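We begin with a single chain expressed as structure tokens, specifically the form predicted alone.
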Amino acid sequence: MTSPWLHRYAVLWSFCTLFLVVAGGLVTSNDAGLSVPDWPLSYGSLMPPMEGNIFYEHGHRMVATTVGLLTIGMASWLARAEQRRWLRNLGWLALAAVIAQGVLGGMTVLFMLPKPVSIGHACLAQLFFSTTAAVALFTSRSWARGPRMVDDPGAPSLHWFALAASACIFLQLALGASARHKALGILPHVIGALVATGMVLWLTVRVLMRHADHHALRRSALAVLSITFLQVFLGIAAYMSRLATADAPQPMPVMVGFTVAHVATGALTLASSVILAIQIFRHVRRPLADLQPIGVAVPSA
């Protein structure tokens, strides 16, 4: 039986990771990436004066350190108390990811914001947040109750569809990170948004039409659909506010606010699509023809 305190800790860990994504978005949106030119210290100290853009850059580092410590705690707790080996391994994988994320963050400073490293840093943050959300699901009481199996004879397989939707959303987030770091223009990001939104609509409508009476599937599909619509609105607002303030001598609060909200909601979009994919693999029987090619299984315990 999963400890309720372990689940609460996982939820806290996930929430703090989302806050870390927000803090990272504030650094990028305020052009504060090199306001602290050294790493791992900040101006040679643990706590520099929190003035100007130093507040955003060093604040981001402080939140990252907190998330790193929480990740150590989660991996250790799972290793000590969790009976499911795959979940213990996921805890160690999350710890490896947060270490890699810290190294990438340091490299962005030491090598003066190289675009590939900065984009990789942003993408890994999205994947890490989705991992924390998955751990929160795996430690929940609803997961412990076990699956409620349903059939879905439609084609293409709902399982393939769920994986494709999450992949499209991740690629879209990568295009967004590339646009923010000026490695690509905005057009690929706009095209990616259309593709990702179309995939989400197709997947969620199919789930809601065929499995509306299945609580876990319905709730997960509605969450993905709602967050995606919010993300589209925030994307338009962020772009329009950037155009409206293009001549401003510094980033304006309205642009920063919409852009950071867009980044954070992007993380929620990916995480919610991953949760929906997990729920589909857990509750929907796979067609016999797909059992060999997919090769993906979500543990039921």
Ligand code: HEM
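From 1 onward, residues are counted along the sequence shown. Remember, predicted model here, so these are calculated numbers, not experimental data.
From this point on, the text means the form predicted together with protoporphyrin IX containing FE (HEM), which you will not see here.
In short, of 138 to 146, 173 to 181, 158 to 166, 204 to 212 it is 173 to 181 that has heavy atoms within 4.5 Å of protoporphyrin IX containing FE (HEM) in the predicted bound form. When protoporphyrin IX containing FE (HEM) is considered in the predicted bound form, Y43 lies well away from it, no heavy atom lying within 4.5 Å. In the predicted bound form, none of the heavy atoms of V274 sits within 4.5 Å of a heavy atom of protoporphyrin IX containing FE (HEM). Interface residue remark: F55 is not counted as part of the site for protoporphyrin IX containing FE (HEM) in the predicted bound form, having no heavy atom within 4.5 Å. Among residues of the shown chain, I186 is one whose heavy atoms approach protoporphyrin IX containing FE (HEM) to within 4.5 Å in the predicted bound form. In summary, among the residues M199, A134, L90, L113, the only one with a non-hydrogen atom within 4.5 Å of protoporphyrin IX containing FE (HEM) in the predicted bound form is L113. If you take 216 to 232 and check each residue for a heavy atom within 4.5 Å of protoporphyrin IX containing FE (HEM) in the predicted bound form, you get T228, Q231, V232, in sequence order.
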